[in-house]
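We begin with a single chain expressed as structure tokens, specifically the form predicted on its own.
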């Protein structure tokens, strides 16, 4: 409890500074010779998790189950958790969204957790998407903040596109990675880049994870650092011309989840401590 209260005090102390960083970065970027840097400073949607209790259902939906009902058992990654909407797995407390993975038998699964998404509620083509998060720790933990293309026209993955803003494997607390999936570069053949933290960890400190997305680029940010840019030319090069850029024909919605096990990151081991919690300070969308 003391550690959690300390995090609340850190939030109160750091929020003005983070806001200044965000405003400076959104208005102070300039295009250089090698990278396109956009200005998205019109805040159009946000959840600061200011009301204790259940999530804001005008913003979020729950994904429930093990993926079988959606036709993707194990959520396409042979994951071990069953997602629920129970307060034991997802709640809002003291200004934070708490997504908690637990080791327990539930509906045939070994673990429970939660997955939230904004399909049909908060969807946008292009802009800046960001969240401030403290991640869990331990082998088998697989937290993610990502975007998925709207499939209301009947298109299916990977044709709809996927933008993974942040993923982490819990046994590597100084590494995160950003990835895109599309036709010709999905699953294990996706296009991805890691970012290694210096003098910090993702499980003991909050960090801001974001992208800026335009018609012909996706920029990846860790706090105020631009660490990667992906363009149609990169797709062409990485796939020998076989890949298709599918990020300019539909809006995308937000997903935040904490998975357990699967092909990536592997199953929990004897040293993995449960419960583990992904703590989200805010989610924001800019145009």
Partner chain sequence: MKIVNNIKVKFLGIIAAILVLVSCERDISDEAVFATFSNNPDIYTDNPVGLTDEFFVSFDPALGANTEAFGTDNNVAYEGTSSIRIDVPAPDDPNGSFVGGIFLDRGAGRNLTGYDALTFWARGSTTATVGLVGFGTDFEENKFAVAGPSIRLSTDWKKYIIPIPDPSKLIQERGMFVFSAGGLDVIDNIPNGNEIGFTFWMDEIRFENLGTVAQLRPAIFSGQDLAQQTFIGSTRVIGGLRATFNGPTGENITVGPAPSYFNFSSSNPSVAFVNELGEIQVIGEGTTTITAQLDDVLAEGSLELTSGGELPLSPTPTQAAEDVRSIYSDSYTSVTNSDFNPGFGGSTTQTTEASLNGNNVQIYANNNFTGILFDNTVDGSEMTHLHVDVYTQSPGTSVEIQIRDVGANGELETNVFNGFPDGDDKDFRFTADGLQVGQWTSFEIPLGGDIATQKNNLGALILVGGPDFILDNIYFYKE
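Since we're looking at a predicted model, the values are computed, not measured. Positions refer to the first chain, counted from 1.
Keep in mind that the form predicted in complex with its partner chain is not shown, yet the notes after this line are about it.
In the model of the complex, at least one heavy atom of residue 137 sits within 4.5 Å of a heavy atom of its partner chain. The closest heavy atom approach of residue 264 to its partner chain in the model of the complex falls outside 4.5 Å. By the criterion of a heavy atom within 4.5 Å, residue 102 is excluded from the residues contacting its partner chain in the model of the complex.
Using a 4.5 angstroms threshold between heavy atoms, residue 207 stays clear of its partner chain in the model of the complex. Contact annotation: of the candidates 216, 152, 174, 87, the single residue with a non-hydrogen atom within 4.5 angstroms of its partner chain in the model of the complex is 174. 200 is the sole member of 107, 78, 94, 200 with a non-hydrogen atom lying within 4.5 angstroms of its partner chain in the model of the complex. Residues placing heavy atoms within 4.5 Å of its partner chain in the model of the complex fall in a single listed stretch, namely 165 to 173, out of 165 to 173, 178 to 186, 140 to 148, 112 to 120.
Contact residues in stretch 248 to 273 (any heavy atom within 4.5 Å of its partner chain, taken in the model of the complex) are 271, 273.
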